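Just one chain is shown here, as structure tokens, and it is the form predicted alone.
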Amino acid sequence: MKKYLFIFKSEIMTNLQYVFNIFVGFIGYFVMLFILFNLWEYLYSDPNELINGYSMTSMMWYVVITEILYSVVGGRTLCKKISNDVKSGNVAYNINKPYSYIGYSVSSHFGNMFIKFIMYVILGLGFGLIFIKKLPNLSLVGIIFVLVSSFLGLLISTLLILSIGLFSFYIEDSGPFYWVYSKLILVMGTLFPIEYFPTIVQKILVYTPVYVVNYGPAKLFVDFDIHKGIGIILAQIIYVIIAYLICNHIYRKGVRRINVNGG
């Protein structure tokens, strides 16, 4: 465990040297929020009106939180890095190291996300307060649930993207698979809550990554309920286990394939 913590800390120290790059990335986040805020102001003729259970205020805060989680994870960069490790043979170099390649990748990526997450939360909440003017009613328990759910959501997303990147053991380019995954998360869990889709689609989405990656933390932030919170976190824990097992299975089969082929 100490070695993974060391990897995590090392990545944080490295990223502290590139804080300006994170600020530059926030420009895209700001533009997206500005567009979505104007969209929801247009759709809601009355700020107190409820559309599918969301007022204009809760809908805007939902978008703030989901966009933070979507932007922070840096999925395209992670997927490309894992894919390049496989293609270049760097993944084989890590086989005999005293740590798991998956553990190393997760620790390194979380170190990469840590500074970004803090900055995006501060800037995102500040931006939200300027335009929305008020925060949802959240207790200390609610804040803890949101933070735990956000951590689990980022962990699930990291493991799933790792799995997609490891597809490069079997196919030339895993990029298209990541594109499909990212658009599913963006459209069905980030820009719009699950409640905005037809009932039959909602029943399917609660079993997909959409529910546990972005929707869950944002839902708890805008409309916290202890029973809902427990349900979401339990679902996330189950998804973490499943995502890890999938990731580990793909990795082990890929490594075995390298050994068989004399790689």
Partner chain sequence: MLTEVKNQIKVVFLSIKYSVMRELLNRFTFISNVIFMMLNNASMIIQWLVLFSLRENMGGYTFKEVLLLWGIASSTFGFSRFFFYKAFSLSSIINEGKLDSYIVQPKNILISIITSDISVSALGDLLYGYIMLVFYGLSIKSFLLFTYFIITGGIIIAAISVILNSLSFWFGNTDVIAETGNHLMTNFATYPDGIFKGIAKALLFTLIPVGISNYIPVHVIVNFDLNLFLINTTVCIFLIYFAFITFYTGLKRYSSSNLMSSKI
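Predicted model only: the values in this text are computed from it and were never measured. Residue numbers count along the first chain shown, from 1.
Just so it is clear, the following notes concern the form predicted in complex with the partner chain, a form of the same protein that is not shown.
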| in the predicted bound form, which of 156-164, 137-145, 183-191, 119-127 comes within 4.5 Å of the partner chain (heavy atoms)? | 183-191
| message | I'd like to know if residue 16 sits close to the partner chain in the predicted bound form, meaning any non-hydrogen atom pair within 4.5 angstroms. | response | no
| said: So, residue 207 and the partner chain: in the predicted bound form, are they within 4.5 Å at any heavy atom pair? | reply: no
| said: Since only the chain is shown here, I'm wondering whether residue 196 would be in contact with the partner chain in the predicted bound form (any heavy atom pair within 4.5 Å). | reply: yes
| Interface membership of residue 223, the partner chain in the predicted bound form, 4.5 Å heavy atom rule | no
| remark: Note: exactly one of 43, 238, 230, 200 sits with a heavy atom within 4.5 Å of the partner chain in the predicted bound form, namely 43
| said: Just to make sure I understand: among 168-182, which residues lie within 4.5 Å of the partner chain in the predicted bound form, judging by heavy atoms? | reply: 171, 172, 173, 176, 177, 179, 180
